[in-house]
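What follows is one chain in structure tokens, specifically the form predicted alone.
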Amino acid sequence: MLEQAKAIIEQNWRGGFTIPTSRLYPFQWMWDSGFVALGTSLYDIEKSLTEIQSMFSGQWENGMLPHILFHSETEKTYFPNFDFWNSQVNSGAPNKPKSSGITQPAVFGFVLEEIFNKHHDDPKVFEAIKALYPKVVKYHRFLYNYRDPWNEGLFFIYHPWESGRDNSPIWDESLNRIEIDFDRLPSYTRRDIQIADASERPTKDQYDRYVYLMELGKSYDYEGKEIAEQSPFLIQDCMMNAILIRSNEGLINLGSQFGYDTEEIEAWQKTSRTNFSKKFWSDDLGTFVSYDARINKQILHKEIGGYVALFANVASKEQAKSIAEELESIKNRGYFLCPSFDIDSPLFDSKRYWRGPVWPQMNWMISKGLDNYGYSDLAKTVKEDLITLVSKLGFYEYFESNKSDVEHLESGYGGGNFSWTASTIVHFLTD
């Protein structure tokens, strides 16, 4: 498995960056690259650092780090491509590489810390991470300056794709409030359902809303301050804010190694940590939930993003215990960990993207989080469940979570030979 995982990453390497998988995702994705860099850092540090440097080659002047970089302008198998995004409406977006106009989870602070901790004696690694450090700080500054108009230390997203959990049921109510004028919605042709099974992908109705929000962002030059006033979809996502807090911690720790002043980051961190549980913890559900800032209420669903608070060390012991008990219950009821949505909800779908399947990179963060709070046996189960799924079903994008259904399957879901699946397996087998 280990050699196969490395071979898949090599197969998806494009001479400076890794694509998630051929055909379905033929460009460089932001948080995919972060997780791939974690895996390759364990056996090819040059490739790991080049991956991250390549991602930051597309950083905007305002600090925004796009969720896709289109290093090739001739590849036409993906929608929406660079021409549909038209990121050049923002004068600070680089002309090359062209990019999308939205971002993704802020993983690079903790990614750089993980890599540094394993290679701190290597002068080349030390200097490379030191050079990347201010770029990551600049990105965090963008999130706090452009995406936190209420100065809560909790930033917003205006598109489900930013969350990384594109079609999760937690977005349904917010998306359904959008009234679309179809005469003004640009025509488009989806490529994903020509490559992958449509039953495993977001629906057409959801995609219409994704395109609507793209057009809204474009109309305001993708600047967060104006979008906050106008977007009908305005969410403070508990997972994205947990990841930002964990990456802030990574930057503070790295800054002490480099002799940098981290006062600004520490101020962000203090505000973020203070308000995280106040805004996101639900006593009724016993987990962390996201917040709909357009209608000022919590989004009351159990889902995988709430568990990432353990990875960020922002949960109390009692809150961590509640989450661990929930995961134990899911395990004991015949599911692989960790399903991406509440198995008791009528909205649960163990096959369709973020509405129920198991996702490799999420298992990596959640296993780390459980270890943080002393639930080492449960953390081991999270690791071993993914290894079992990949061993049986292959290196797919995501996996069936119901054990009884897995018995009858021969493959996972979504794209095959998937880079972050391979990277996670490298980590679980060697770290």
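Sequential numbering from 1, following the sequence displayed. Only a predicted model underlies this, so the values are computations on that prediction, with no experimental measurement involved.
Here the subject shifts to the form predicted together with a small molecule, a form of this protein not shown in this document.
Judged against the small molecule in the predicted bound form with a 4.5 angstroms heavy atom cut-off, the residues 200, 348 and 413 are out of contact without exception.
In short, of 399-407, 367-375, 40-48, 26-34 it is 26-34 that has heavy atoms within 4.5 Å of the small molecule in the predicted bound form.
Exactly one listed residue, out of 272, 104, 90, 262, brings a non-hydrogen atom to within 4.5 Å of the small molecule in the predicted bound form: 104. For the options 354, 307, 280, 171, the one in contact with the small molecule in the predicted bound form, meaning a heavy atom within 4.5 Å, is 354. With a 4.5 Å cutoff on heavy atoms, residue 420 counts as touching the small molecule in the predicted bound form. By the criterion of a heavy atom within 4.5 Å, residue 164 is counted among the residues contacting the small molecule in the predicted bound form.
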